[in-house]
Structures are given as structure tokens and as C-alpha cells.
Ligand code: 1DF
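As C-alpha cells, one chain now follows by itself in the form predicted alone.
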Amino acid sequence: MTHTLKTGGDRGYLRIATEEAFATREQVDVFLRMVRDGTADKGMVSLWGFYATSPSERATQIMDRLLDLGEQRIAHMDETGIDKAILALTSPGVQPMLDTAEARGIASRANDYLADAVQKYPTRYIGMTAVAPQDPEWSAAEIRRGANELGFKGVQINSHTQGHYLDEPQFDPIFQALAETGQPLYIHPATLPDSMMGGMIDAGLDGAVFGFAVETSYHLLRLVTTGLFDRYPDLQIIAGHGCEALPYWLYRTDFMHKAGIRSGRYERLKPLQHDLFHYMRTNFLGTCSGLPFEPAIKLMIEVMGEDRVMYAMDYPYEYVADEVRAMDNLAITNAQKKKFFQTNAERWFNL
């Protein structure tokens, strides 16, 4: 597993990394202010109290890389053979910000900043729109601006917004804008809201190690079981980290969801037009961000279909050349590998 990593398709495909993060200084400064003044929730204190203040090598290195959309990032892509990066404002975006006007401004300026970087490196960078779901109508307008004026190819929302989830009716303008623009929605993890945190922080399990997946898979299940895809049958939702483990749990989740519907146990759950297998194979897309693990990728391909699984590095939170080599050596067909690295991203992001 020591082959040289090059861009340009020397192995029969380009490598498009579909969940790559950046930050703005303005965004991080607000996170720090919230940590200092006590308005940050426990998850933000744990996450950004570390990344934005720790002198550790991991924290300082990641902060440096998050804030760079220039030559350093391009050099790192070259060094690991990444031809194109699909970029989004790092989690939790502006969603924890209590001042909605401030959140809107920071998201809008981050989108402009990203658009400038995409314009500077048009063959390397692809943008996703950041929104402030605190204001769903503004977010819908920003989705349209991202698609129609900035040339962005998708939208990222970092799971819950101050404990509120996208299945709640007030967020429907966001889905209307996604339907109108035909863009996919990437639901990226966020730290658990205080109401769900429990002992996670004390256990050291609140972030990417475990808590992210718990919170985001819960969000995704809320969306599918409350009929989102019956209302928006063409909507595509992307989830990273092995589609947040939903393919592994799908049989049991589907079985118990049907049992709950039959029993009338939960007032909120109504019969759906299809089973959960249908939605997983029709409306969900999965990436291997943070999970360059062959068994997990093969499971996604088997459960979701080979047209619905994509590569992601999760830069700068993961940046390991040997992980790219491992993906090059996946024991799948060459046709599947090209879909995984290149053509699925081209299709679903309309590149």
C-alpha cells in the first residue's frame, strides 16, 4: 500500500472529496466569545473550547488548515492525490449563534469568501452553501443565491439548530428551496444539544468519536420516519461517516418502525408510502468521510447501491495519505471504484 498518490486520473478515476471543511476567522471568533460569555452549549464548549484554544499539535494544526483556502490546502490535495474538494463551512456553521442577524451575516460572508476561493481555483474547489436555519425564509433565499449566483452545488446544514430539527414545520421553506434548485442537502454532524448530552463529555465520547453519529443518525431518522421524502420525493440527503451507521441498522429500524405504525404506539408516526429500504436506496447518499474502512464501504454499497456511495476525506480533521491509498485498494470492481471516487459525485452534485 505504498503507491504514489497523484492527481489527474492516473488510476482510471479522479478523486473528488465530498466533505471537506473550512472556517472563517469571524465564525471562530464568535464561537470563542460564546464559550467565554457562557452562551455556548456544553457541546460547543467541549469542541471549540479545544480546537480554538488548545496549544496541542492537533488543535493548532487543524485551526491553521481550516482557515486556509489557498496554496497550503491545494498542496495538501496534491500530496494526497485529491483532484477536487467539495467545501463547506465547518460544523456547527452559524447554527448555535443566538443573534440571528449576526448568524445571517456570518453565513452570507462565508459564502462570498468561499465563492471567491472557488473562482480562484475553479478546477479544484466546489462550494456548498451555508445557511442560518434560525431564519428559514432567509436560508431559503440564500440557498437560491448559492445555486443561482455563486455557482454552488449543494447545501450543508450541521444537524440540529439549538435543539431544533429539520422535520419541524418551520423549516419547510428550506426544503422548498432545495426542491426548486434541485440541490442535495448534506447533513453534517453537530455536537449533541444539552438535552441529549447526558454523561457523554465525562465519558470522552461527545464528539466525532461517537456523539456526532448518535445525534445525526437521530436527526436523519426523524426526517425519514415523519414522511419528508413522501412530500419531497426527489430530495437527496447526503450523510457522511458511513451514512451515520444507518445502513448497518436498517433492517432493525425498518422492522421496528413498521411495528410502531401497526400498533399506533406513537401519535407522530403515520404510515409512509414506502418502507425505509426504499428511502435509503432512493433519497439517501452516503460518504466515507472519517470512515475509510472497507467493510463499512462495502456495506453501504450493498445496502444503498453502488450509485449512492461517495468518497470523502474529512479534511482537515482527517488527513492521512495512507487512508487514500487504502481506498485506492478497495476490493470492489473498477467500475464501482470510479463511481465511488468520481462519477457519483459528478452526478449528485451536478458537476
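Don't overthink the numbering: it's just position in the shown sequence, from 1. Remember, it's a predicted structure, so these values are computed and weren't measured experimentally.
There is also a form predicted together with this ligand; it is not shown, and the following applies to it.
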Per contact check vs this ligand in the predicted bound form (non-hydrogen atom within 4.5 angstroms), the hit among 256-264, 101-109, 88-96, 228-236 is 88-96
Looking at 73, 188, 160, 84, which is the one with a non-hydrogen atom within 4.5 Å of this ligand in the predicted bound form?
188
Although the partner isn't part of this model, could you tell me whether residue 208 comes within 4.5 Å of this ligand in the predicted bound form, counting any heavy atom of the residue?
yes
Any chance residue 311 has a heavy atom within 4.5 Å of this ligand in the predicted bound form?
no
Is there a non-hydrogen atom of residue 319 within 4.5 angstroms of a non-hydrogen atom of this ligand in the predicted bound form?
no
Can you tell me whether residue 212 touches this ligand? I mean in the predicted bound form, with a 4.5 angstroms heavy atom cut-off.
yes
Within 55-69, the residues having any heavy atom within 4.5 Å of this ligand in the predicted bound form are 58
